[in-house]
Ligand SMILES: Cc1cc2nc3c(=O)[nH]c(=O)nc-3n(C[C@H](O)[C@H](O)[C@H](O)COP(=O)(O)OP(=O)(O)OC[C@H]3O[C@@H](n4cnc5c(N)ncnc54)[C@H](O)[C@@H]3O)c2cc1C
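Shown here is one chain on its own, the form predicted alone, set out as structure tokens.
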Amino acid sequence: MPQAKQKLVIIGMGDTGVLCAVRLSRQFDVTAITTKTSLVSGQELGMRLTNPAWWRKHYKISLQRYRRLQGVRLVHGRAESIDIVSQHVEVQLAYGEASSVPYDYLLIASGASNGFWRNDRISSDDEIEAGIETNAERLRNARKIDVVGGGPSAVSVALNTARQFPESTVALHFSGQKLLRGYHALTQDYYAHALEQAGVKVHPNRRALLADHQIDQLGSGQLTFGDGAVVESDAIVWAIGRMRPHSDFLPDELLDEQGFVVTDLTLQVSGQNNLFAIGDVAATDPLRSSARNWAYRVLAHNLGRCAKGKEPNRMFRPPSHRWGSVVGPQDDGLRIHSQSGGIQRLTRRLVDRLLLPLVVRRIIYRGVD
């Protein structure tokens, strides 16, 4: 008689949760707890706001369409607490009921809130669709757009908006001296020049004064800065990188002072043999770069070994600089920036006809119907 598969519970089905799930679904009996029934990627924010039809096609995909998730039990709700002794997760379901989900292994991929586009609210597909369209329409109709932040999301919004809506005035405000902290200096300089060429008014060393609730929506009104400057805006895009980890359901002893999950190089939660963490909720390094950089391969390999009674033997080591796409595909192609500052450009035809449908959907995500 075949031996029953061990139970793996995954909390969070964003990019990293899905990437891990499709690699572990055949070895484990997987239950995935998710606040959304679709993968709603946090990537390519500029394309999400300026070209929502294209973004939906490639970055918002029903979880039921992933072939390797067809045997996975999807629980639409939010984790409320875990008991690491009795090994179960308490879940608040989408329609108000509560449920207890047992596990042998637990994977924490619950992510973090960032601005208005990433949160842990339990949402239906209709609610998500309405939010995407409302924000895109506000940006389309705005004549003065102000983006707050200096990271890749902010740069992506500013550059895509300036190129898509050239009749609008676009300004980018950030508190540092240089854009794109964590990227190579050549990448930083490249986008400083690209923003200038696109007509974006760049304001470094300008810190916005804000209340916490303001960053959770794309709104309009008045912006006030620490240097005394005040501006009126038709659309204010908060992309300041003030991440709040979705970790309230975890015991304090698993978290660092900022609330991120403390992990070892194996991506195991420190001191816990059957708990793993990955992505923006995991305190792997200051940039929490296990959300990228193929970390899901390390985690899937190590978790699989643990389930066989073996020691994990692969380590996640953050890169020296962030790399990859910053602003998404443009009319003249997709630019991928390396750790050393080099650029590889792929034509738009290659991106839309080969990279996304074949490499991303069929190879990386193991098949999407």
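Worth saying up front: this structure is predicted, and the values here are computed from it rather than measured. The first residue of the shown sequence is 1; numbering continues from there.
Only in words, not in the display: the form predicted in complex with the ligand, which the text now covers.
By the criterion of a heavy atom within 4.5 Å, S325 is counted among the residues contacting the ligand in the model of the complex.
The closest non-hydrogen atom of K36 lies within 4.5 Å of the ligand in the model of the complex. Residue contact with the ligand in the model of the complex: T50 places no heavy atom within 4.5 Å of it. With a 4.5 Å cutoff on heavy atoms, G182 does not count as touching the ligand in the model of the complex; it lies far away.
The candidate site formed by D146, H173 and K201 is entirely out of contact with the ligand in the model of the complex, as no residue has a non-hydrogen atom within 4.5 angstroms of it. This chain lacks the partner; the member of T161, T187, T284, S153 within 4.5 angstroms of the ligand in the model of the complex by a non-hydrogen atom is S153. In summary, among the residues A79, A235, L106, V269, the only one with a non-hydrogen atom within 4.5 Å of the ligand in the model of the complex is A79.
Contact with the ligand, judged by heavy atoms within 4.5 Å in the model of the complex, is confined among 223-231, 130-138, 284-292, 189-197 to 284-292. Although the ligand is not shown here, in the model of the complex the stretch 189-205 places no heavy atom of any residue within 4.5 Å of it.
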